[in-house]
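In C-alpha cells, one chain follows: the form predicted alone.
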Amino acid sequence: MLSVARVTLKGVFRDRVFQGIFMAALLFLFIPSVASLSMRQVTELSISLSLSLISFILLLLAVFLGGASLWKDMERRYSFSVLALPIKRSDYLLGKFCGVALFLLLTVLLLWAVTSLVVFFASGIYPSPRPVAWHYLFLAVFYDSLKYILLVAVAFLFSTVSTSFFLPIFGTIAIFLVGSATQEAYDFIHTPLAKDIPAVVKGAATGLYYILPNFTAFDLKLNAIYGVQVSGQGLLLTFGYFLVYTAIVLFLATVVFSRRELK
C-alpha cells in the first residue's frame, strides 16, 4: 500500500498539478491590495480572502484528483498491470487514496505558509485593533484540509462504481454542494418558520442530514477571522466524525472495488 501511495504521489507531481497550484498561489499576492479597499478591516478581509482561496484550490484538487486518479489508471489499464502483482485490490485502492491525501496535505502546508505571509504583511501595514488569532487560523486551514480529504474518499467511492469520467467528477461536486447545505436546511426545518413544510420534505431533509457528510462542521473561518473561541470538545468531535465517516466511505469503496469486474 505504501509503494502505491508513493507512486501515486510521484504521478501527481509528474502531471504538473503542483505547478498549477503554484500559479494559483500567485493570487495571494493581490490579496493585501484588494483587502485595503475595506479600509477598516483589512486584516480580517485578508484572512477571509486567503481562506476562501485555499478552500477553492483544495476543492479543485479533491474533485479532479479524487475523481480522476483511479478512473484514469483503469482507463489506461495501469490498474491491470499493478493488480497482476501480488497485491490486494483494497491495498491498491487505499494506496491511491493515501497518495492523493498526502498531496493535499503538502499543498495545505504550502498554502498555509503563503497565507501566513499575506496576513502578516497585511496586519503590519494596516494594523487592526483585534490581534490575529494565528492558532485559529491554523485550525481553520487544517480542518479545511480534513474536509477535502473526506471529499476525496467520496470521489474514490464514485470511481469504484463508475465506468465513465462524469459520475466521479459531477457526483463529487453534487455531494459537496448538498453536504455544505444540509446543516442550514436541518436547522431551518426545526424552526417555527418551517411549520408549513410537509412532513415528507422534513423527513427527507433530516435523512440527508444524517446520511451525507456534514461539511459545515469543518468550517472555522469565522473563528479565524474574528478570534471567536473554538470548543475543544467540538474540535475532537469533528475530528472523530472525519475519521469515522472517511473509514466508512473507504470501506464501502474497497468492498465495491474488490467485487468489480475489470475489463
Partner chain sequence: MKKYIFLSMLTAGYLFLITPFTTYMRSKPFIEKLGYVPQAEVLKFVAADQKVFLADSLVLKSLFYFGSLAGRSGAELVLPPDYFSLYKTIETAVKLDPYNLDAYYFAQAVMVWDAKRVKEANALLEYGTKYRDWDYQLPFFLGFNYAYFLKDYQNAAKHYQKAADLSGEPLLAKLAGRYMYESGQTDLALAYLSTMEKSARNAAIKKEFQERIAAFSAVKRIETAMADYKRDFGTVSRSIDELLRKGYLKDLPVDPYGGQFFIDESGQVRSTSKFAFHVEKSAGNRGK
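Residue numbers count along the first chain shown, from 1. What you are looking at is a predicted structure, and each value in this text was computed from that prediction instead of being measured.
There is another form of this protein, the form predicted together with the partner chain, and it is not shown here; the text below is about that form.
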*in the model of the complex, does each residue in the set 41, 52 and 130 place a non-hydrogen atom within 4.5 angstroms of the partner chain?*
yes
*Just one stretch in 135-143, 93-101, 107-115, 176-184 has heavy atoms within 4.5 Å of the partner chain in the model of the complex, so which one is it?*
176-184
*Evaluate residue 170 for contact with the partner chain in the model of the complex, applying a 4.5 angstroms cut-off between non-hydrogen atoms, and reply yes or no.*
no
*Residue contact check: residue 64 to the partner chain in the model of the complex, 4.5 Å heavy atom*: no
*asked:* Using a 4.5 angstroms cut-off on non-hydrogen atoms, would residue 204 count as touching the partner chain in the model of the complex?
replied: no
*Though only this chain appears here, would residue 34 touch the partner chain in the model of the complex if you measure heavy atom gaps against 4.5 Å?*
yes
*Just one of 211, 228, 29, 237 has a heavy atom within 4.5 Å of the partner chain in the model of the complex. Which one?*
228
*Within 207-227, which residues come within 4.5 Å of the partner chain in the model of the complex, counting heavy atoms only?*
219, 221, 222, 225, 226
